[in-house]
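Consider the single chain below, provided in structure tokens and representing the form predicted alone.
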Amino acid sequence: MKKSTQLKLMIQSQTTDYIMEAHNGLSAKIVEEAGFKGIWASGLSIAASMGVRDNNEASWTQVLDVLEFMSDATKIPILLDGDTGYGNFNNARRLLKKLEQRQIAGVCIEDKLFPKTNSFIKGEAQPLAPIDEFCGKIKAMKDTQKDQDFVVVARVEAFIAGHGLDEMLKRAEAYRQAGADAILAHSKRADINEIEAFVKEWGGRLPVIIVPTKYYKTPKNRFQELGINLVIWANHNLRASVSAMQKISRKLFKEESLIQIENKITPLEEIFRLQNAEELQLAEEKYFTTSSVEKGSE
């Protein structure tokens, strides 16, 4: 089954599914092996792994390069956090074309202005895009796609920008009519109240996706009760890896010895396994003959 079809079925399912963040080929492989049915290619995490801010400082082509490695390393679908689509409708539809070429299953775009600001940064303005302009992006992307199962998710940032339920509903309905396949309802509150209010008024017009980074104390059965179609764990692999690297780096700097370290970190053999090194060894036995070595040295 195509990756795009897998994602579309997941989003349209009546049960709540979960996907996990990844930001490179290795983390994508780890997510797949953990049992997740899909991957969230986080804009924040990809940018952070490059050492830049989540303000479109990494170009969309640099993000594409990362996605290609992630897609090659896995068989499960990837939903890209596509920020605002990296520009206007023309940038957005070109992005979609390139994502399809790399077998990315879907893209989520948010209704803010380019360059985007991360939704959780305190003290930063969160200006929203005009509704008509954002609808134009959605229409352009849907008109461009060749794979009918490719998923375009509209991320509504009205709550993030300080607006109320009416604005949230108005924008979500406009994006539904423009052709979006699902709505990502975003909130930065520590409780699920805004999401609950939206879902109840929304009435299942399109599948709903959430990112409970801030309201993490909400029990998972509440998501199912509300009829949430997809839950995204949006940045937790990045945050876990940063904690681990900071700890090990400080310890090695202080102790200048590997004695107390080696048995507490991942063995090299596990890294080789994740890289599929054994396949290369078998391929060398099959293809890398003595005669080919001799020809290469001529």
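The first residue of the shown sequence is 1; numbering continues from there. For clarity, every value in this text was computed on a predicted model and none was experimentally measured.
Unshown form predicted together with a small molecule; subsequent notes refer to it.
Not one of 8, 100 and 150 is positioned with any heavy atom within 4.5 Å of the small molecule in the predicted bound form. By the criterion of a heavy atom within 4.5 Å, residue 28 is excluded from the residues contacting the small molecule in the predicted bound form. In the predicted bound form, at least one heavy atom of residue 118 sits within 4.5 Å of the small molecule. Interface residue remark: residue 105 is not counted as part of the site for the small molecule in the predicted bound form, having no heavy atom within 4.5 Å. Looking at residue 234, you'd find a heavy atom of it within 4.5 angstroms of the small molecule in the predicted bound form. The contact with the small molecule in the predicted bound form, taken as any heavy atom within 4.5 Å, belongs to 211 out of 78, 211, 141, 208.
Considering the small molecule in the predicted bound form, the lone stretch of 37 to 45, 240 to 248, 262 to 270, 58 to 66 in range is 37 to 45 [heavy atom distance within 4.5 Å].
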